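What follows is a single chain, given as structure tokens, in the form predicted alone.
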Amino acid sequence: MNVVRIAIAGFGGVGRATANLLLARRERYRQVYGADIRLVAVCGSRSGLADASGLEAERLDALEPDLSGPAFIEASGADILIEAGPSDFRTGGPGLAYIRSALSAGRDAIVISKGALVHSGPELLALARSSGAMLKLSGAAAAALPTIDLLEHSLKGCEVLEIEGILNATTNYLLDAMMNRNLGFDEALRRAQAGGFAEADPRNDTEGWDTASKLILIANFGLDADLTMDELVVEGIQSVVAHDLETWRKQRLVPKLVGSLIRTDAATRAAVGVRTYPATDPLAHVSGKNKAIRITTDAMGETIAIGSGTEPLATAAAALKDLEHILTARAVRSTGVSGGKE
């Protein structure tokens, strides 16, 4: 049986959920892919743990200080890196150093945090191509909602003309609460924070930057575009006021924070902002913490996907979907036939 060693960098809620789900699915990996999956290292910003024979779930609460950083992951002998640290698209850190190290060494990388991919996507793609490593990012590009998978598999061969995405669950929840409960932005946000539906500092979500980051990843990794944050017009929901809400109610329109992309022969144009939809539009019915994407192509018309999931489990599952794609590709390379028994 083929031994595959996994390391996880970034061990907050998502990293831990990924580790636990990975360990729970080991028997599946044995049966479907003939792979003995071993979690050989985990680390946060200041502590970590490694064991070449594999870590079990009960040991993951006893991380040791000063075991962290790309060199620690390198020394673990991992074959695949799962990067799940904090995300900063302005600097790429802290995940950028881990991903660079892995790809440069030919180690496959599954990336959950968006920052490094937005900041240095072309560089990381070039590293992966030159070393032969695989770079996967379902967890970063809207997690449980399939986005890049649709472009790479379901719509393969079609020309993508337009994309509209409700890509941020927090803002969708807030707009829903503001429209249907007569709440102002500040009160809706306070309730969302009290209920655990919004971060203590929600600006990355409410100002549109999270949606913009996901849109860039979908464009650059799914469509081979070369968009940067400077090329996007980004507006959030913080400026929505009572008059806006009342007008939309009277007009029977439903507001959504949408990342949009239009492709023509001349250019690719992308923006983030509030759009309104009539009740007859499927996107008007994407409520609460759900997310959605609509992709319009030349030959297949409109394809719409709507998804939601309990976090952080849904993001962990998206990352491990990428792992199964990698295991399949590895089986094909080693045997020359399609891997897996499904």
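Numbering starts at 1 and runs along the sequence shown. Everything quoted here is computed from the prediction, not taken from an experiment.
There is another form of this protein, the form predicted in complex with a small molecule, and it is not shown here; the text below is about that form.
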- Partner contact for residue 311 in the predicted complex: the small molecule, 4.5 angstroms, heavy atom: yes
- Message: So in the predicted complex, is the small molecule close enough to residue 211 to count as touching (4.5 Å, heavy atoms)?
- Response: no
- Task: Could you confirm whether residue 323 comes within 4.5 Å of the small molecule in the predicted complex, counting heavy atoms only?
- Result: no
- Query: Does the small molecule get within 4.5 angstroms of any non-hydrogen atom of residue 45 in the predicted complex?
  - Reply: yes
- Note on the structure: Answer key, the small molecule contact in the predicted complex at 4.5 Å (heavy atoms) among 147, 113, 206, 172: the residue is 113
- Message: Between 94, 222, 121, 202, only one gets a heavy atom within 4.5 angstroms of the small molecule in the predicted complex; which residue is that?
- Response: 94
- Have a look at 298-306, 22-30, 271-279, 36-44 and name the one stretch with heavy atoms inside 4.5 Å of the small molecule in the predicted complex. 36-44
